[in-house]
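Given next, in structure tokens, is a single chain: the form predicted on its own.
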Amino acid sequence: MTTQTAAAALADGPVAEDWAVDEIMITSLAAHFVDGDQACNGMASFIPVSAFMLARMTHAPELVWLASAVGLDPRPDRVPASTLEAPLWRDSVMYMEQFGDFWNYALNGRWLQKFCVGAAQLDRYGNANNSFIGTDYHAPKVRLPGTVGMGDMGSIGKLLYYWNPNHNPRSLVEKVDFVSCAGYLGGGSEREDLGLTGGPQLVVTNLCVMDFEPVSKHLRLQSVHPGVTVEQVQAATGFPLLLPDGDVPVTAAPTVEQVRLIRDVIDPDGMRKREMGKH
């Protein structure tokens, strides 16, 4: 199943009238995972974990999910209070020791194609910063959590899927203060010229969905969420966005069944809402 047919399958059914922003982020992200994909999430990844679970319950039952780099194909009954907690590996097919086995698989080039990444700053070419805010590494304005593996995943050929629950000019910036994870660097062929494959593919925010223009590798508006205008997205972005040809599409709203699954089955405790307003 392709991403396009997956999106169509997810959108099949009556549209919910009371969907929330976190839910349209989950459904938008879930549409980009299909049968046969091998995907991984990192720390504090409630929206990606919900998206993986939704995809596997609907259009992509054969999605291979490695939870938090430790639990292969987990079967949690709901999203836990931490995306590094035991429910995401206790009942998995295989426990994968994070500092040994995981990197053996991640580095072999044949496994784990897709990685969901959160970033405090993301620039126009998909470079991400989770290290510090400011101009001096040794005296930062804000010290951030650090790369936590994202620097590696951005340099070994993985396809990167970003999510940002608080789209604003401080998080979508013209140039990151520090490159914690390589995107397309200065744009164009610069990443490819350095021998790096993979790279950023998608950015899902509380306002829109964005991708990267194939030649310039510059962030491009793919769709705006219902009720959001192009002008609102641009005002919340720290650099001019590229626009698609013609009218900007509206993101498909969640269906009644998707909302039911997210609220009643996947995340009845509302862990996903802890992410809203971050960054």
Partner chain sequence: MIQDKRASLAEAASLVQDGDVVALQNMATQLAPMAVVRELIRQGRLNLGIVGLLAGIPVDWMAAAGVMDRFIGGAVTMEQFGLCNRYRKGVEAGAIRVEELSETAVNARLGAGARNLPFLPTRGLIGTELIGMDPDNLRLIEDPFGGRPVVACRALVPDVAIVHAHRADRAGNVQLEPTAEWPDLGIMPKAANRVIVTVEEIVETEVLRRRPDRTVLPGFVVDAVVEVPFGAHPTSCFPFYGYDSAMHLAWVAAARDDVTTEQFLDRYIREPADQAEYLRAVGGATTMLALERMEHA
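Keep in mind it's a predicted model, so treat the numbers as computed, not measured. Positions refer to the first chain, counted from 1.
Form predicted in complex with the partner chain: not shown, discussed below.
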Given a 4.5 Å cut-off on heavy atoms, tell me which of 225-233, 243-251, 209-217, 58-66 is the interface stretch with the partner chain in the predicted bound form.
58-66
Just to confirm, residue 70 within 4.5 Å of the partner chain in the predicted bound form by heavy atoms?
yes
Can you tell me whether residue 171 touches the partner chain? I mean in the predicted bound form, with a 4.5 angstroms heavy atom cut-off.
no
Evaluate residue 188 for contact with the partner chain in the predicted bound form, applying a 4.5 angstroms cut-off between non-hydrogen atoms, and reply yes or no.
no
Counting only non-hydrogen atoms and a 4.5 angstroms cut-off, does residue 149 reach the partner chain in the predicted bound form?
yes
Taking a heavy atom within 4.5 Å as contact, would all three of 16, 54 and 159 count as contacting the partner chain in the predicted bound form?
no
Heavy atoms within 4.5 Å of the partner chain in the predicted bound form is the criterion; list the residues of 80-97 that meet it.
81, 82, 83, 84, 85, 86, 87, 89, 90, 91, 92, 93, 94, 95, 96, 97
